[in-house]
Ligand code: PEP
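Here's a solo chain for you in structure tokens, the form predicted alone.
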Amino acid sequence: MILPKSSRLTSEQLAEVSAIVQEFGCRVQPIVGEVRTIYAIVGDERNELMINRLEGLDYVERIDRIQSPFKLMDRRSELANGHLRIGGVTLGEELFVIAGQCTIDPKHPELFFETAEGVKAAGATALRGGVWKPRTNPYSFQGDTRSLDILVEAGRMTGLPIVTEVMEPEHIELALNAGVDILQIGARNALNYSLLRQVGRAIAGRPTAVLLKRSLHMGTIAEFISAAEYIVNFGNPNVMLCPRGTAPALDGYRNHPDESITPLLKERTWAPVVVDPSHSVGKAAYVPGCALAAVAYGADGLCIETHAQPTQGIGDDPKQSLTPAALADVIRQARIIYELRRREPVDARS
């Protein structure tokens, strides 16, 4: 990681730095921050001659070497000094809550508008709506591009940042052109490295953020963080990690709830953790407890499926969505736990 003495390198300085690292089979990736740009060395950074030559440049303040499978996502990275701010909320300073329908029904846009107003009133800070849906059964409802217009209109009505899942390159382009604030990468695509790269390239230089869900089959913490590295590698560090339950399912729950990995993630990466309790447990009655447990474990945010009239929903909404009134109760209680953790951290060694 190259830290310049000024806020950023000039084009001539960047060309000189790039030429040096290319001699050693590496490349430079600028990471643009609000007040400072840092330059990641992508490749094997252990070559002492390369480091010596870089440190000898009079416009370089220092070189931070990070020997880690994920150089950018590592908590020792300079990116740990940044802050992700979405819709007026800085993650890590205030509980971030994404809420909304699993699936937008294009035949009944009024239901989504009602839900959007409900989640705004409940205290949510971002609005989620499924436009395109990955389904195990090819005959199930796969989503509808027309729903993107409904999501955008609901965001305009409420003033909330909007979130939707993308599964294909054309979805990425459509979502970004429509002004989607957060692209969601679902559990099925969390190991689709080609898609992760495409998302990373598409959001480079944009304020867009990514909500990366944990794959059902990610066995290690490193595998989850490394998936995020594919995205951040292109210069945009606005990534949130989203535990959402893994396989095999725990009897009675939809998946095996994994909110407890939050402190393990925070030991290794600077990325905010936003837990999805809805997919973890798969039943509305269990969502509040899972959500509060996630915050107790140190989550920075929650992603909760909510529907103004769950029984009229499609996809997973009828069985695992909270009503806006129930969401309001969860947010109220979650914020109490969140503030307690921030103000009165427990020292486990005392």
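These numbers were taken from a predicted model, which means no experiment stands behind them. Numbering starts at 1 and follows the sequence shown.
The form predicted in complex with ligand PEP exists for this protein as well; it is not shown, and the discussion that follows is about that form.
> Just to confirm, C102 within 4.5 Å of ligand PEP in the predicted bound form by heavy atoms?
Contact check for C102: yes, within 4.5 Å of ligand PEP in the predicted bound form.
> Indicate whether Q184 is a 4.5 Å heavy atom neighbour of ligand PEP in the predicted bound form.
Taking the distances in the predicted bound form, the answer for Q184 is yes, it comes within 4.5 Å of ligand PEP.
> With heavy atoms only and a cut-off of 4.5 Å, decide whether D317 touches ligand PEP in the predicted bound form.
Yes - in the predicted bound form, heavy atoms of D317 and ligand PEP come within 4.5 Å of each other.
> So in the predicted bound form, does E259 come within 4.5 Å of ligand PEP, heavy atom to heavy atom?
No, no contact at 4.5 Å.
> The chain here is shown without ligand PEP. Which stretch in 184-192, 74-82, 267-275, 89-97 comes within 4.5 angstroms of it in the predicted bound form, by heavy atom distance?
That would be 184-192.
> In the predicted bound form, which residues of 233-258 put a heavy atom within 4.5 Å of ligand PEP?
Contacts from 233-258: just R244.
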